[in-house]
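Okay, here we've got a single chain as structure tokens, the form predicted alone, with questions on binding and movement later.
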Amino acid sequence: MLDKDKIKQAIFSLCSVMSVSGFEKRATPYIESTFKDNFDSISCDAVGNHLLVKKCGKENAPKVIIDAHMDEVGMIVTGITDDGFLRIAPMGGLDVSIMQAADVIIYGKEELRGVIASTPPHLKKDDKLPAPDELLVDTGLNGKAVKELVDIGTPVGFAPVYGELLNGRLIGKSFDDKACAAIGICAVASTPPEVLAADVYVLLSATEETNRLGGVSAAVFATDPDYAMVIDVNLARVPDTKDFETVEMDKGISISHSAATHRGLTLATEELCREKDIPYTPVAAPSSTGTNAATVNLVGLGVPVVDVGLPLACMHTYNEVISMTDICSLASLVREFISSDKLADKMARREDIII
């Protein structure tokens, strides 16, 4: 039985751990200590991918990957001024319009609280936004003190502040995509081994935000799965967006139809949703899903993959928004997906399923 409070706390906890793209290995101690009792093995490869394995105990069992990328958007220190300000550059697709005055953590020799400097409107000559390389972080320290604690190349992340809105909405940083990672972990951890239809590999993949190939390719190649599900956030509908570019919140998960995914597995996953009364929205993503799915699909001899999305508003900001209704839908689908003997048998034999 899925515990909503446990899933919510797992999301807040995992998303609080710093894992700016390229620095995912810093999360290893947390992942190993927190989830070691729920999986048969936990490992981290040279790229920074974390793999949490839960075996079904069946002989010659098929293998399925549940992938959610572990890296988050953030910043990196590019310079230090004589008066103690840090120059930064984005790691991943950050929106400069929301960055000024943001509350950040500098992960140097010590963790330092900082704020991105903002020119007050009274002193601005125009409404032009600063370029990313013009942004400065103020820690309150002078140049000498900062240089003793911070080096060029130090990661900077948004401060981990979390809360709730009304109607089951969660707010905070790094839900893209660590919320999906936490949901996947909880779903697999709560499924008894004897219920599993395959050996399950929860892949917390690296560098998705900064490299479209991502670290996922190395882990998928090493695992050689029979099939896979990529779970990532999707753009939630807000008043100033177009319907075809977004999905509604509180209506369940999204399932992508794309040239980058396996059509049979996609249709079978939709059928599974209908059988189990899991709400979902089909979306068209013609040539690319914008997720790891396109990479997973082309690893090795090819991996059948389905792309599943969790609606998220305010993407790539320090106040992303997700819905508990959609979270529960995603958790339910992951559990049903890894427990489907019919699906596992067909995918293990690479039998065409509903093409």
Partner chain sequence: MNSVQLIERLCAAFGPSGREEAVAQLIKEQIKDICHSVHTDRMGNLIAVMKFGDVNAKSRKRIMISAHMDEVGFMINEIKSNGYLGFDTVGGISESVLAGRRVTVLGKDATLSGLIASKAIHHKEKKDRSKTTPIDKLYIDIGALDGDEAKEHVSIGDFATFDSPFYTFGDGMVKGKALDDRMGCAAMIEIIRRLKENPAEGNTDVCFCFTVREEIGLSGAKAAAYRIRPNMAIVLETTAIADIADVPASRRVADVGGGAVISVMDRSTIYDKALVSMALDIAKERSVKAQVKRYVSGGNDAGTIHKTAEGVKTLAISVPTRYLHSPACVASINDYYAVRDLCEGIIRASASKEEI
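Numbering follows the first chain given and starts at 1. None of the values given here were measured: they were computed from a predicted structure.
Keep in mind that the form predicted together with its partner chain is not shown, yet the notes after this line are about it.
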property	result
Answer range among 181 to 189, 86 to 94, 215 to 223, 275 to 283 for contact with its partner chain, defined in the predicted complex as heavy atoms within 4.5 Å	86 to 94
E148, heavy atom within 4.5 angstroms of its partner chain in the predicted complex	no
Contact flag, N319 vs its partner chain in the predicted complex, heavy atom cut 4.5 Å	yes
Partner contact for V115 in the predicted complex: its partner chain, 4.5 angstroms, heavy atom	yes
C44 within 4.5 Å of its partner chain in the predicted complex, heavy atoms	no
Contact assignment for its partner chain in the predicted complex, among V195, L129, A259, I152, heavy atom within 4.5 Å	L129
Triple contact flag T210, G302 and L343 to its partner chain in the predicted complex, non-hydrogen atom at 4.5 angstroms	no
Residues from 164 to 196 in contact with its partner chain (non-hydrogen atom within 4.5 Å) in the predicted complex	E164, L165, L166, N167, R169, I171, G172
